[in-house]
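Shown here is one chain on its own, the form predicted on its own, set out as structure tokens.
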């Protein structure tokens, strides 16, 4: 074999060249985000600290790419300890070049889909390190999900949700590839710790194996230049967890030198809804007091299916001679809102520089054709463009119908970044009849609060100001954090925020509840 430094330099150059030969969309669809060399080295160095020097290394990487972890393995472990190396790569674009690069080394590379390969009966992996493909569930069709779910059930006894990303399937399927007592390190998105589909993964980690350590990188310290994702490294050993087991949780810094370290009992992990909060500097939402969900029904805004087709400006509506009565005012993206209080004109339309209207007509096609010929023509142009076949549209009857949403006096932005002088989430006071798209969360007051708002219009402003005064750490601690400091908030997560300050504005609310 050539000098390892030379081979690694060639590998990095090859990785860059192969990545550039594919479009970003192609790589996103297959979840191809290469592990940075320094991170791969840190992970294998840490693996060696957990690995017995007397145990032969039978190494497995189920998504080897060009071999970042393999190169790091050769640096971290003595050659005399490495007994076997097996890698899988689904894409020949990378696999064939990788096979040539490492041709004079012990690597046995299989250019095929790991999830369809048969696990060995003997000589299973004692060390598994993997950065599995980050493929969202949207890119997995129904038949593929069913196949993967069945495979996971056979391998690990876990039932994964159809919303799970491909990395969850890799982690669970690999269970039957590991030797008893084998060590695994998984570089995966940290979102599984907070989202609903991650519950099955967390149960697997707490019951089927011994979860040793989860290190979560600071979201501002993005590990991948080409993927907006907050990463974690999950370490586990293929053996039953001991009684009263505690798990090491670290945050920030590096694996070897984290910023925060905590040891958390499994019993507490089972009770915790969001694991990222366990190493957060902010306190989690109280579970013992009233929350926003007790005061508001919180919904995502409208998901149109194709904003460009369904959301039009007044000039576009006029040019196409479309009937204005078939449109509803809708707020623009938060980046177009210069203020967080939206006023209305005499017709209830928002007074904004950027005015938009959503096509909201669920009349039958023959009625539209007879009553609104110009609108019928516009819908036919959508059919010609294939819009009626898009996912949301083809699941609606008729395909151009929209979700029903009433205007909400109070809204919250769905995502944002926390920068100096700004908050990641903005609460909006909406005095117009405009509804909102799914870049907002809409807060509808429960009936007893709606009555109070009708009796005292100034109360809406007080509630709005109180919501905007919520500690940003509280909001981000309950939401989700992605790479580059991007924060998101789902309705249930916003609903989990303590409502004590809002409740204090409602003198009769406690008795009414």
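What you are looking at is a predicted structure, and each value in this text was computed from that prediction instead of being measured. Positions refer to the first chain, counted from 1.
Although it is not shown, the form predicted in complex with a small molecule is what the next lines describe.
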Touches the small molecule in the predicted bound form: residue 114 (any heavy atom, 4.5 Å):
yes
Wondering, does residue 218 line up within 4.5 Å of the small molecule in the predicted bound form on heavy atoms?
no
Even though the small molecule is not shown here, does residue 445 get within 4.5 Å of it in the predicted bound form, heavy atoms only?
no
Does the 4.5 Å heavy atom contact test between residue 30 and the small molecule in the predicted bound form come out positive?
yes
Assert contact residue (the small molecule, in the predicted bound form, non-hydrogen atom within 4.5 Å, options 474, 41, 452, 34) equals 34
Considering non-hydrogen atoms and a 4.5 Å limit, which listed residue (156, 368, 429, 90) is close to the small molecule in the predicted bound form?
90
Answer among 454 to 462, 45 to 53, 474 to 482, 58 to 66 for heavy atoms within 4.5 Å of the small molecule in the predicted bound form: the stretch 58 to 66
